[in-house]
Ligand SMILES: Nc1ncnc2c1ncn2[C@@H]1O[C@H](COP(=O)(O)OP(=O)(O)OP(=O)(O)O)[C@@H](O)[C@H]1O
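The form predicted alone is given below as one chain in structure tokens.
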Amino acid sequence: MATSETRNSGVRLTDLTKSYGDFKAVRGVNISIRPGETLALLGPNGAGKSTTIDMMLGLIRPDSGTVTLFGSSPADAVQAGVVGGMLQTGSLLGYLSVRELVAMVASLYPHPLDVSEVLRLTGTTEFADRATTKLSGGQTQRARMAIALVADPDLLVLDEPTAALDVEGRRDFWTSMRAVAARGKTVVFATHYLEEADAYADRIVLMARGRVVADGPPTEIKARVGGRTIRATLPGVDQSALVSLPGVTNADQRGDALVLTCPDSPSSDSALRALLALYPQASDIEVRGAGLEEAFLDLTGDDGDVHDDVTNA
């Protein structure tokens, strides 16, 4: 386990670069993560997320730059049980039950958690005696989570951890992760479910084209996109009249509901006043700022076209 002195140093990625032939997967990434922080790593396909995670875990070497995990190299930190990883790729060892596999992994580390407690925490108890070759996709993800957690690591690195889970499974997963984070663990996760990052991350690092393009709390990331949306119930209104309201850049009608788009907060205030003056019968009114999806699309531009099929960067 990490000492209190090394724990205070947290996770540091400094000037990381990684190329595959002519493709530059990661270009000068700098990220510092405080102990006990839950950080979401977001970005479109090919942005460099998985490559960054692989370098963090010591699975691949950076072309340049350094990685330190609580004052140690990735290899030393993993060997000491300081790091637990849950990756997209790789299969579970066959011909073992889930319980046997988790117990085997626990035996490799100096201070593992109790296997039964890990099975309970990860929701794998009900199929713990089933062979790993007989698991569904969601059950396999839960088993991977148990393997990552059993070492009682200070750092949990999760790459698309809920990809194969249904809505209930995702909810249960994050309930478990909140319990883990509450014990002072550092959690880093990459996900395509933006609502997960918004709901569970203390901080978001957004990558595009191999670089960090935004870094901060979810509220700060969303605030970088100034758009505002007004939603209301208002049947039988001419859409052209809505577009002509002051501060409105776009108007949509969806049955009896309308959605007005405004570029910023002052514009939405003007639009709302004008809407209520002309249509006092409007009801169910909601005004909200840009969500994480809007911020994601705005800050990454058209980077969703960039792919790295070989490396899954």
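In this text, residue numbers run from 1 along the sequence as written. Note that the structure is predicted; figures quoted are calculated from it, not measured.
There is another form of the same protein, the form predicted in complex with the named molecule; it is not shown, and what comes next is about it.
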Contact stretch among 257 to 265, 242 to 250, 45 to 53, 278 to 286 - heavy atom within 4.5 Å of the named molecule in the predicted complex: 45 to 53
is_contact(residue 231, the named molecule) in the predicted complex, heavy atom dist at most 4.5 Å: no
Residue 160 near the named molecule in the predicted complex, any heavy atom under 4.5 Å? yes
is_contact(residue 192, the named molecule) in the predicted complex, heavy atom dist at most 4.5 Å: yes
Enumerate the residues of 11 to 28 that have a non-hydrogen atom within 4.5 Å of the named molecule in the predicted complex, in sequence order, or give none. 20, 23, 25
